[in-house]
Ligand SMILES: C[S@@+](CC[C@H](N)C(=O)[O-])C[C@H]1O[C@@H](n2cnc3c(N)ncnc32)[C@H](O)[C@@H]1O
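One chain comes next, on its own, written out as structure tokens in the form predicted alone.
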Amino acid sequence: MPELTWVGKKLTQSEPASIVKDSILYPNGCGYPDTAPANRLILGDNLSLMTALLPEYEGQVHLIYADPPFFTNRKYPARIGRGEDSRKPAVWKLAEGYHDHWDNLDSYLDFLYQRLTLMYRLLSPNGTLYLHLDWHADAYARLLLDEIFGADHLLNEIIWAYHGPSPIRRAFNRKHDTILAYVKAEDYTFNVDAVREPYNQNTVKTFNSSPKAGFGKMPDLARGKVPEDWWYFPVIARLHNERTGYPTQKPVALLERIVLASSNPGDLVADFFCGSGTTPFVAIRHGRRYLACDETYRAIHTTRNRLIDSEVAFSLEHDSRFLVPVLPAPKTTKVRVQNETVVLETNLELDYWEIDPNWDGVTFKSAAQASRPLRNGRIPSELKIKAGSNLCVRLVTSQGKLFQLNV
């Protein structure tokens, strides 16, 4: 088999992260305070995080979806405004998102190689890896995966096609991504009936009108068909109800097809480049457990905001080297308790706030949460909760600053 090489290519042993459990979130109080969450959201560099997770999870992850940087050498800001005109980017309110910048192709390939090798080790014997890239580097990635998994373990090369404007005038518009699906062994999970879709109405009419259609083979029209390896789903820019503002967010429908096809209820699904959190959001919606990581606080914060509607507890953790400063709340921010309602008064532009009714000074146990609506509207200033002896409130602004107030 051909092998992709570059200057200095070799697997290195990464130093494992020291993972600290910052908080446990009980969405809407569900499970508080006794539930030990199986779901984990972790801030840090995924290379050292995966190394640290190996002793517990090697061979235990049933499905990994990987959506790494694409080697575009661009900066991607996050949109944090609400109710803005999507057609007028000059007026958008922006914050730091993430950078997809590399010194050269060698450094990018080494970045992928180290991480894909660890993902292979984390996958269960019947597990599947879906690697999502585009034309910038998908050809190189296929050779890497052939080396790691074996070329005969390619399950599918999936094309995700979409529409959208483009400035290209001297070539065909680039309007697809490539998703490479690789399996570890022959007994991989694939739930064909979970992803069937209706036949096109023209196909239905053709078979109803002629018994000779399909060269004498009559499909089960009511059951539907197995999707082809090219998929059309609208991009997030056209899905206003899903849009979080996080750059390069992937649609729920795309991840639902992957999760339903290649995992079962109760299985562990991982996304080590979780970004806006679509993978854990879909996983928990369909009864799977999840591991989700990212190295930017903006991604972790966006993911947390989506998961607080899940009614399933999860832990929020971080590599000890990725400490997010917890600042004392300004004096203009006040909290008062009325019966079993906590009322917040602040002039901060809040994106999120939460309450630990009985803060122990170690692990923040969030029993009530509020987030700013994705479209229009104000963040709630009241949360119903029975306060304990040491009420503590945490607040996150739209710019990503974290404040804490002990009451």
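Note that the structure is predicted; figures quoted are calculated from it, not measured. Quick note: we count residues from 1 along the sequence shown, nothing fancier.
The discussion below concerns the form predicted together with the ligand, not included here.
Taken together, the three residues R243, F281 and D309 lack any non-hydrogen atom within 4.5 angstroms of the ligand in the predicted complex.
At the 4.5 Å threshold, heavy atoms of D45 reach the ligand in the predicted complex.
Contact check for E354: every heavy atom lies farther than 4.5 Å from the ligand in the predicted complex. Taking the partner from elsewhere, G127 is found to have every heavy atom lying beyond 4.5 Å of the ligand in the predicted complex. A residue is said to contact a partner when one of its heavy atoms sits within 4.5 Å of a partner heavy atom; R115 meets this definition for the ligand in the predicted complex. Between the options K250, R288, H318, R304, the residue in contact with the ligand in the predicted complex by a heavy atom within 4.5 angstroms is K250. None of E295, D106, E96, D134 but one reaches within 4.5 angstroms of the ligand in the predicted complex through a heavy atom, and that residue is E295. Considering the ligand in the predicted complex, the lone stretch of 175-183, 261-269, 196-204, 295-303 in range is 295-303 [heavy atom distance within 4.5 Å].
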